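Coming up is one lone chain in structure tokens, specifically the form predicted on its own.
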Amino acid sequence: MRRALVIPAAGLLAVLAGCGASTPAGKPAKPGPINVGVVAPFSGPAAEFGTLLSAPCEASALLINNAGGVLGHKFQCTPVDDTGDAADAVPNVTRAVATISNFDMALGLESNTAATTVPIINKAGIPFVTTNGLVAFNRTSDKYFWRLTPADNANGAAFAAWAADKGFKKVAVIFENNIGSQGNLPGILSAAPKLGLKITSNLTIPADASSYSSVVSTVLSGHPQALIFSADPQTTATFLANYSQLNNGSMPPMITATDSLTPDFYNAVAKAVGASYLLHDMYLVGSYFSNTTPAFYAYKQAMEENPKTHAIAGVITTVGPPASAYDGMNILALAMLASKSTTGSVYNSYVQQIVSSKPGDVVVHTFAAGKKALSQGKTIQYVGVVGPVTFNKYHNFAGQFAVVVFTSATQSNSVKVISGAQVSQLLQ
């Protein structure tokens, strides 16, 4: 959900210059459903991310509609294919803003394309919950931007924290040459010396090469105890297969992002080096949330009951970005109710009220409970799957971090919580 394709800087500037076609949305909703645009890759090499980012939208929409919708409107999730490419995303997203009726909310806008899709959606006056991890948005001035997931540099520091917690002293860092992967590197470089970690290799590799034998040879020369790694499924599978071949069948443990907690990743790596490695030597680090709260039970039940998400519920409900998107959609829907408007420029200013703690608040864990309390004239604090949310002045919230392990292609378990405070200290 965070990996990105490479676009030259000059090309990116040209793309951004063309983002002015959108105009702020200010009209009341027409009859019919509210369309929640899921801006994500639904075609191309990153297409699985579209499925993963649609799932939380479908779960939230199911529960919102079961509770009677918002101001007379049902919700529906509408795919907006950004193709996983920052330049190609521009015409698709611009067209969606211009042509989709009641396009009043958006989810996704992940790292593949956030540099170009965020300006379009923000300029259109559409509140959105993004799952991108780009550090560039840590201090954004975008009014309609809301992020409940940590930036990539924080995730990188959490990688290093887990490596140290496991007792590793020497690690090799290997990242695919894309924005999402490379964004983790500053956090690792900041945290490693504070944790007594020696980085034996710091390498960037191209995606989907036929062989990484020369890179593996370089890594092997440093004798790392673990790999901190981020790449797409096929790149990871090929790299590990080469590592095994050149190291007498032995591979060190791997630490990667929870973005890789997908059946595609599991199956590709299992085919290359066997499932045992995935089950016993791979650790995935990302956003933390508890799976014992009322909010989580509602979220999981909605995932399992919806035929569109049932098959992947076991993976989806252990990964932070989908949970944050689900919570974000509930928060925006409740802000619509509180403001009595579905217009982005109106309800956006109520978002902070929905999540902040105020005297006399009713704490709610689901959209339905929030709707009921608001209808009774009460103020609420929504505490969802990711827990209490405190947005800073840049509309960012990071929370804590979890270490997750595969238990099968479609199931996983959380094995460790890394505090957000520890990660913040490692970045100072």
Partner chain sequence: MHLLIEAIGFGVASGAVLALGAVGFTLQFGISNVLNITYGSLMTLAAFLGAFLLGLGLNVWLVMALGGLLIGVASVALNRGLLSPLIRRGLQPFGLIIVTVSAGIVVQYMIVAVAGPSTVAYGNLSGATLHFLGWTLTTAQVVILVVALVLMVGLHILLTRTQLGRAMRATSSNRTLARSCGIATTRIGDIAWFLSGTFCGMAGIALAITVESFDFTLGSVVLIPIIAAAVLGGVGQPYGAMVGGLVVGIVSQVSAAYWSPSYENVVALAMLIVMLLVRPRGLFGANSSSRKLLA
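Numbering follows the first chain given and starts at 1. These numbers were taken from a predicted model, which means no experiment stands behind them.
Another form exists, predicted together with its partner chain; not displayed. Remarks below refer to it.
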| item | value |
| --- | --- |
| The unique member of Pro91, Gly167, Pro206, Pro193 whose heavy atoms fall within 4.5 Å of its partner chain in the predicted complex | Pro206 |
| Answer option from Gly187, Gly125, Pro233, Pro224, heavy atom within 4.5 Å of its partner chain in the predicted complex | Pro233 |
| Proximity of Ser250 to its partner chain in the predicted complex, heavy atoms at 4.5 Å | no |
| Non-hydrogen atom contact Ala268 with its partner chain in the predicted complex at 4.5 angstroms | yes |
| Partner proximity in the predicted complex: Thr379 to its partner chain, non-hydrogen atom cutoff 4.5 Å | no |
| Residue contact check: Leu71 to its partner chain in the predicted complex, 4.5 Å heavy atom | no |
| Its partner chain in the predicted complex: contacted by all of Ala47, Ser210 and Thr218, heavy atom 4.5 Å | yes |
| Answer range among 305-313, 193-201, 338-346, 235-243 for contact with its partner chain, defined in the predicted complex as heavy atoms within 4.5 Å | 235-243 |
